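Next up is one chain by itself, shown in structure tokens, the form predicted alone.
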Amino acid sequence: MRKIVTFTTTFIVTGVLLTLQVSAQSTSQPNANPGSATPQQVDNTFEGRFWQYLTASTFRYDEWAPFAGRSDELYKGQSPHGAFVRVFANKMARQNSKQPPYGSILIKENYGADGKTLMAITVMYRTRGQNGQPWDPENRDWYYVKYTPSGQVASSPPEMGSKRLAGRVQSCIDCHSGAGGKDFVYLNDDLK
């Protein structure tokens, strides 16, 4: 019975995320400025709907368990993430932490040097993309997004072009390609 419930929950979550992504690809506004949204406006991009999903009372990411081998405590981070970080993983990612399957979501809260100020929330989501097609096969199909604490998509610094940090983010790909196991996930490099 427990396997059926786990499978059903996993199936529903994966279905919701894929539905969000498919509809986002047809309605996304790549040149929209998410920082200009007012409380009356809804960010209808994939990233906006994804943030709503991640922070909805039913699936709040900050109530997820930590990634395998990690605690829910802050630990020392490194650039480009915060001085301190906390990691959360959805059930899909935790079930096979050595090789996170499609549907896996890894979230890192990035804190300042005081260990209290939340600076950003960075997300990795492994997806097949529209109609089950590979999202980014050369880079293990990870979709990256960096949110501000208020849920807006962050942008790179002006000297790096002020690009929205969502989707195939080259700086994320360049860094994560160095992870052991060629899976783009550093968190599982020291797991036995």
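Position 1 is the first residue in the sequence shown; the rest follow in order. All values derive from a computational prediction rather than experimental measurement.
We do not show the form predicted in complex with a small molecule, though everything after this point is about it.
By the criterion of a heavy atom within 4.5 Å, residue 144 is counted among the residues contacting the small molecule in the predicted bound form. Of the heavy atoms in residue 78, some are within 4.5 Å of the small molecule in the predicted bound form. Contact annotation for residue 85: at least one heavy atom lies within 4.5 Å of the small molecule in the predicted bound form. Among heavy atoms of residue 93, none comes within 4.5 Å of the small molecule in the predicted bound form. Contact with the small molecule in the predicted bound form holds for none of 54, 65 and 104, as no heavy atom of theirs lies within 4.5 Å.
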